[in-house]
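To begin, one chain is listed below as structure tokens, in the form predicted on its own.
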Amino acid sequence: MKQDIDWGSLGFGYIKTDYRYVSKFKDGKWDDGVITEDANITLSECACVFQYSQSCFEGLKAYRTKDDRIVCFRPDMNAKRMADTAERLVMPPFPEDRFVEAVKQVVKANADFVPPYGTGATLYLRPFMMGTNPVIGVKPADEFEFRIFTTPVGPYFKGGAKPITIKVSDYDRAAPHGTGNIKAGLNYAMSLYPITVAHEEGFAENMYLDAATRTKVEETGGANFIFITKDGTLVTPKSDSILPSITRRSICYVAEHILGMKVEHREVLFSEVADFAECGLCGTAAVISPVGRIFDHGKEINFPAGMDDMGPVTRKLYETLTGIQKCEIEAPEGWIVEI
């Protein structure tokens, strides 16, 4: 039954859907996994996820096409990234082929919650894994749970494709004592306080600089940066502490191989930022959101091509990427998985 939801008014929030996928790891192996209606999780108070935060998550979306098919965008990349994350956290990787199959199962089960084509909304999938058995000494868990829930969402930033204003953060995204973000940008908790401060000050996001020198652009709390030079080159910041964004990597491929643009993935000095023609934030949730202004402790950087609307090059990248995601533009091989 189609859901009675005002799809066009959705924000980026949680709406409970009917089904979720669950698989458990015990005695050295993953079980077969099930689709269940139960949205609740019961764990010991001493579960490793509570004591030592042994957990990780992914994010991807399902889309409805103009001809009413349902598709997902590059879920194999999410499967690979989650396996890399699990390895770093001493967790058993969920098999990548089973990850993709679980995505198909849970989207199919919640097909009525996939928003109609043209509403600007999508079905967001949140795969996550956690250590579940009691652990009091500092060590990894022995038992784990892998789950995927879904929720229909609208734009990540209010205003959709309208340019946002961000600030250079006074805080480091890195964890205390220079430990930094590990392999897959796992510790989002470290950005919760800075983003709360930014919102209270009227900004949509933070720009984090590198913790060591505070001279190089890294990322925001929930997205990677993209920049467009005055001669039309796409530039993306490079750093070991930046989340390896699937959206950013897809944009770079689109820019170089479909739009014929020059692409540079390199260190970006903050001193360069004022010279770029366009700036945007990219990620699964944000897709591509234009940045119009950056505030830096009393100084203001404006991007003339994106002050009132998405800049022309950013728009072309956005339209091409979303066209591929919705099957309006032919996708590179393997990028689209039909449900």
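Don't overthink the numbering: it's just position in the shown sequence, from 1. Just so you know, these numbers come straight off a predicted model, no measurement behind them.
Missing here is the form predicted in complex with a small molecule; even so, the following discussion is about that form.
- Under a 4.5 angstroms non-hydrogen atom cutoff, the small molecule in the model of the complex has residue 188 among its neighbouring residues.
- When the small molecule is considered in the model of the complex, residue 135 lies well away from it, no heavy atom lying within 4.5 Å.
- Interface residue remark: residue 167 is not counted as part of the site for the small molecule in the model of the complex, having no heavy atom within 4.5 Å.
- Using a 4.5 Å cutoff between non-hydrogen atoms, residue 147 does not count as a contact of the small molecule in the model of the complex.
- For the residues 228, 123, 141, 223, the 4.5 Å heavy atom test against the small molecule in the model of the complex is passed only by 223.
- This chain appears without its partner; in the model of the complex, the one residue of 206, 85, 236, 245 with a heavy atom within 4.5 Å of the small molecule is 245.
- Note that among 40-48, 266-274, 280-288, 22-30, the stretch whose heavy atoms approach the small molecule to within 4.5 Å in the model of the complex is 280-288.
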